[in-house]
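Presented below, as structure tokens, is a lone chain in the form predicted alone.
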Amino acid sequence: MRINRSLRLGIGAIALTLAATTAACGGGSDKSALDNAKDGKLTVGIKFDQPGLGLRNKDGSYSGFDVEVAKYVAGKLGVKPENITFKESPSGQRETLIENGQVDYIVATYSINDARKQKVDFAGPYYVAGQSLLVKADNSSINGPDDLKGKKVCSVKGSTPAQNIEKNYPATQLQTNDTYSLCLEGLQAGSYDAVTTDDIILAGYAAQSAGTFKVVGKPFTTENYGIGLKKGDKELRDKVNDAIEAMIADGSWKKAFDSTVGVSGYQAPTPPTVNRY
């Protein structure tokens, strides 16, 4: 069967439109993180609402320990700070952002665990934290996880702390939100009795609250923070591990901690040993 020229052109135009639409819907990049680094640019996932760790400031700048770690690693990959695009990476979206190529790596209080390692790779750890509780300053009824029975406790969807409460403290009324800032608003309003996540995150919120909130009890888990990477990219993982080790060895790790989280009075712990997962 013969197809006239105008029909062929029409079919070609439709094909091009579909191809463009498909590419746009993907939202990611076919390039590897190291390819992007060679081009002098990287997209890095961080949290936007964690004081002292990953915070988007009112002037559009970014600050926090995770931000400083991200910048240091980027520098070791040959990318200047001004050529980093920071992308918000909520806990429940981190694996998807990496798998879809929407970020080159993620530094966002990202606890390493076996379930996540099925989908992404990790470098690190670059920090070891522990889960704790944040309550109103005048709350004397909650001093640890054993006091949570029947209490309304907020955490973030998809986070390790939320999963831990659900699994190990089933009598707790767990509530989840997309961000910790929403949990804090609920705690302030009296909708929740406590907010739970890692102690280092809560310390930042307590410091920012100017006495409204306090961290209670001792940490009741061990959370190894890793840098999330695309699964199977061993070359990138090795380079990022090298960067973390260099940051610890040359004093930049301690300097970054003291200038961010340390401002709240939280003392820097002994740096972790990179496990090269």
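Small disclaimer: the values here were computed from a predicted structure and weren't measured. All residue numbers are counted from 1 along the displayed sequence.
In what follows, reference is made to the form predicted in complex with glutamic acid, a form of this protein that is not presented.
S.K.: Using a 4.5 angstroms cut-off on non-hydrogen atoms, would R94 count as touching glutamic acid in the model of the complex?
M.R.: Contact check for R94: yes, within 4.5 Å of glutamic acid in the model of the complex.
S.K.: Does glutamic acid come within 4.5 Å of any heavy atom of V103 in the model of the complex?
M.R.: The answer is no: V103 has no heavy atom within 4.5 Å of glutamic acid.
S.K.: Do K151 and glutamic acid share at least one heavy atom pair within 4.5 Å in the model of the complex?
M.R.: Residue-level check for K151: no, no contact with glutamic acid.
S.K.: With heavy atoms only and a cut-off of 4.5 Å, decide whether G204 touches glutamic acid in the model of the complex.
M.R.: The answer is no: G204 has no heavy atom within 4.5 Å of glutamic acid.
S.K.: Which one of these stretches, 136-144, 72-80, 153-161, 181-189, sits within 4.5 Å of glutamic acid in the model of the complex when only heavy atoms are counted?
M.R.: Residues of 153-161 come within 4.5 Å of the partner.
S.K.: Relative to glutamic acid in the model of the complex, which residues of 38-57 have a heavy atom no more than 4.5 Å away?
M.R.: In sequence order, K47, Q50 come within 4.5 Å of the partner.
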